[in-house]
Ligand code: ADP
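A single chain, nothing else alongside it, follows as structure tokens in the form predicted alone.
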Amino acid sequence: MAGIGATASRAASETVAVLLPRPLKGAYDYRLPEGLSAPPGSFVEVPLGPRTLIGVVWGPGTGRVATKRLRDVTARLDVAPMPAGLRRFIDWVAAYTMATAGAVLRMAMSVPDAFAPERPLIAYTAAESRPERMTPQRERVFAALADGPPRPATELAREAAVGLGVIRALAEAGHLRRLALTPRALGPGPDPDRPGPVLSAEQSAAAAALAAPARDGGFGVALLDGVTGSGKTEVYFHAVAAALTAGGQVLVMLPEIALGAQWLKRFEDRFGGRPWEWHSGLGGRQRRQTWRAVAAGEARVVVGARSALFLPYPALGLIVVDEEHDGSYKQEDGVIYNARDMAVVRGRLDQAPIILVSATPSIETHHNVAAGRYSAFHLPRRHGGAALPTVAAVDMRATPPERGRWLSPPLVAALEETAEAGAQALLFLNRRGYAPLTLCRTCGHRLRCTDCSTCLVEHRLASELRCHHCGFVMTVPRSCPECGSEDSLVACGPGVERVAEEAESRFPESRLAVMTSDTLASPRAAARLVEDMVDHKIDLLIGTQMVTKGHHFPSLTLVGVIDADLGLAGGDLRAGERTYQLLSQVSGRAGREHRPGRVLIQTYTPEHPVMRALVAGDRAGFLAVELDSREAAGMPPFGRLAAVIVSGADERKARATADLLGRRAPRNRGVEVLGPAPAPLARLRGRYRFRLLVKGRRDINLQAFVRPWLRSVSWPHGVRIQIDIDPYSFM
């Protein structure tokens, strides 16, 4: 027996387990050729079937396969190894979300070019000649180049909102010059010793308390809870400076990094240099440079979206999650996870402190503070003496708008007063497009998406109907597809475009702008719009939830909420919480400097607890009611939830699989399985969807309940089962 064990040990020592960025069950053993060393974390090339893939050495070989039957590692790449903390994090996320480790690894290896040798950077700038025929697309290309340095083709095309063919045609015709550039440096790095602005006594106390763990190291979670405009960013910048002084890397997460122009300027003013950015708006070369700079420890501060959590920081010293309550931190596709919660896990594994920041913290965070798991620091007043805006509800039952209009008489009067005073106003409606529904007046037919169980949204500016779930687009038909009646289709309900149309007709002298993801083609376009608001080149801004993301508009004094009841429909567990947070955040845009601000909330239910709390400024009262109702129902944060989503292109097979899961559900004390039932969004991207909800006590490991349950069921080809631990959306 001893001889067999020694042989197995020698075999294992000659092999390594390599995890591949594929949805595979685990790491595969490979043999190391003589003379090749590959310690854990090394990036290596290995064969898999007929292909060669890049993976990560996860540890020594398992020894389950004889060494002589293994294939060789092809090469070890000249890339900094993946830090042990990130490898532990990948394993933890995979176990918690019930995803494969390879699928999680793929998020950490999302830049294939990061492993290839550097290629010359080909960029384009404007030549002296111009085309004889200047189309709108060409005009946008030259406007983009006039506003900055030479750009690579993909970056220039994205900035100008044109296809790559437009760039190539202009270059071939000699209207653009092709340049070979050396990789661009970011410029001076952040200087932690650069003095910041003078803080108030409350700010200084919070800043000192947050900076201490960032300087000394060690894991801990702190909530920075301050009203809108209280200067939370400047406070946590002190912790950023402390972490940099201690030699650590800093990650600051923002829910909408592509809209963070004001944050970036504030950072540069404070530290004299820009952070590295990480978000979907970056070009391939920028992503490669950032990934490698992080891995090498050169990127001292990274500001990014949720995916920045999976970058290979070798010396992570601080994580800041700004707007920690925001739903954008929840990833709903692929590996389903909440980046706020996973940031806490990564901080614990890397022994780095975490700062959660919000004016409207999540219920879960409030509960963790109350339970003593998180510390908390509160900023109850706005910085610089500005007062919080007054908030009033407009009862739409008592003062409805004119027929076919959406602005109530009190809101119209307030807009007129604001314009006369030379101040700015904001109208908020969390609904994109012109109208959410188009139907036939003759037969009642509704125009729906061909692949989803949703109505198409009219976008009148683009003369098309869109599905906001799958991206399906069609032109508005002249006749009803159902009954053939011509000119019978009518738009129902308001979107931001329709509100803008009404505002333009009422206030023709006002300078209007619309801020949605449809109207802003790029992060640069978003930054320009924000600059125009700050410079008061816009009198009236109309937008969706994008306008709530921490913007500071000094001359904005009035906020009007068009349909405050919109988010309360549907019976979602978090409907009240989300609506309160969203309306509080948009209200916080008003009166942030010397002029007082006011907010008018149009609602048909002014008696609703959310509306009453907003008007009274009673956050504590709202939280108490919300927490009591959740505790009584055993819902998070007092209980745990897991969603099981069954989907398939064949409705019958998907339904049968969901029914089988329901019948096979184990009966465990403290766990209840609800469903199956058709999902509220019953068809998505051509797949029929059914949901089961697992509800358990807080002390129960739901993953351990779900795993054997799923193993007891087999399902047909084409049916997919997804697990969402701690679901945020119930669609």
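None of the values given here were measured: they were computed from a predicted structure. The first residue of the sequence shown is number 1, and the count goes up from there.
Keep in mind the form predicted together with adenosine-5'-diphosphate (ADP) is missing from the figure; the text below concerns it.
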Original post:
Should G231 be classed as touching adenosine-5'-diphosphate (ADP) in the model of the complex when contacts are defined as heavy atoms within 4.5 Å?
Top reply: yes
Original post:
Does adenosine-5'-diphosphate (ADP) get within 4.5 angstroms of any non-hydrogen atom of P197 in the model of the complex?
Top reply: yes
Original post:
Does adenosine-5'-diphosphate (ADP) get within 4.5 angstroms of any non-hydrogen atom of V227 in the model of the complex?
Top reply: yes
**OP:** Flag S647 as yes or no: does it have a non-hydrogen atom within 4.5 angstroms of any non-hydrogen atom of adenosine-5'-diphosphate (ADP) in the model of the complex?
**Re:** no
**OP:** Could you check which residue among H459, H383, H175, R288 gets a heavy atom within 4.5 Å of adenosine-5'-diphosphate (ADP) in the model of the complex?
**Re:** H383
Subject >> Heavy atom within 4.5 Å of adenosine-5'-diphosphate (ADP) in the model of the complex - the one residue of T438, T454, S555, Q203 that qualifies >> reply: Q203
Original post:
Using a 4.5 Å heavy atom cut-off, which stretch among 340-348, 233-241, 313-321, 75-83 contacts adenosine-5'-diphosphate (ADP) in the model of the complex?
Top reply: 233-241
**OP:** Within 4.5 Å of adenosine-5'-diphosphate (ADP) in the model of the complex, which residues of 584-615 have a heavy atom? Give them in sequence order, or say none.
**Re:** R592
